[in-house]
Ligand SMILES: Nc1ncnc2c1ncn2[C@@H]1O[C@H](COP(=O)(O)OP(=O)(O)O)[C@@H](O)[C@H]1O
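One chain comes next, on its own, written as structure tokens: the form predicted alone.
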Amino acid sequence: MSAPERIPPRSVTPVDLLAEGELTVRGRIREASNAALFCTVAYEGREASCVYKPVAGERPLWDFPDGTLAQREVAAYEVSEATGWGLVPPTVLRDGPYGEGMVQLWIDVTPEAELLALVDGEEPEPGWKAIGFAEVGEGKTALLVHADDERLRRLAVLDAVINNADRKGGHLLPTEGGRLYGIDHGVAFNVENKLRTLLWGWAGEPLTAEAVEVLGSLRTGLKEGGELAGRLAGLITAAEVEATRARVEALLASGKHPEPSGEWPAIPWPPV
């Protein structure tokens, strides 16, 4: 008699862990504008730290009346995954101790060279991109700049696609090994142009060949019946999916990074 076939144990992915694991609240993140809880999640012998943002703790926003901030955060993760760039930490929508909410893998930040800086003068040094001038007190101004970094440039493209209205400096998380994540995408995907970001340094410049290829892939995925369109359908409205598709088409048609519209504050406040 032959020995029974041995089935290897299933590999537990971060998404499996977040979606299926036992969620335990450890404390509150007080800096957050909406309820954000620091938690641990455990599943099949694995444990990780995470952030849980229950829908019940969201403050209503007049200009984002449809759906929830939690759903938009998950939608941003889905678009990020579709780019292949992995710019948003694993994020799921699930039930938790305080009801349905967004659960996102906690990212430990590793200090590295500055991504943002205030400098004297009217032009940035090599390796930096100008954002604009900022008041620094006593009637003085300084030039706000960000690093000319390909990771930030990819994030600028993602923000343009999802129409991110709140890309602050504190939402940039560099990690050990050189990864860079962006977080807090609850105010994204509006059908109106609300792009508000610190990453304007490439405004009007040609998109990279890599970005054009990625946008082409997103266009395919966002077509009616496309895989990405299907993933977004339960998270944002049909009009918002269509607006996302239109933004991708517009980026491909122009071949350039977008510029501030002048109809909406271009930089979030506070910027950090």
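Note that residue numbering begins at 1 and tracks the sequence as displayed. Since the model is a prediction, treat every value here as computed from it, not as a measurement.
The following text describes the form predicted together with the named molecule, which does not appear among the structures shown.
- Looking at the named molecule in the predicted bound form, residues A117, P174 and L180 place no heavy atom within 4.5 Å of it.
- Checking L61, I29, A246, A233 against the named molecule in the predicted bound form, a heavy atom within 4.5 Å turns up for just one residue: I29.
- Contact annotation: of the candidates P89, G201, G96, P124, the single residue with a non-hydrogen atom within 4.5 angstroms of the named molecule in the predicted bound form is P89.
- In the predicted bound form, no heavy atom of T220 sits within 4.5 Å of the named molecule.
- Although the partner is absent here, G170 sits close enough that one of its heavy atoms falls within 4.5 Å of the named molecule in the predicted bound form.
- Looking at V51, you'd find a heavy atom of it within 4.5 angstroms of the named molecule in the predicted bound form.
- Within this chain, T208 is remote from the site of the named molecule in the predicted bound form, having no heavy atom within 4.5 Å.
- In summary, the region of this chain contacting the named molecule in the predicted bound form, judged by heavy atoms within 4.5 Å and restricted to 238-246, 33-41, 208-216, 225-233, corresponds to 33-41.
- Taking the named molecule as it sits in the predicted bound form, the stretch 92-108 comes within 4.5 angstroms of it through a non-hydrogen atom at Q104, L105, W106, I107.
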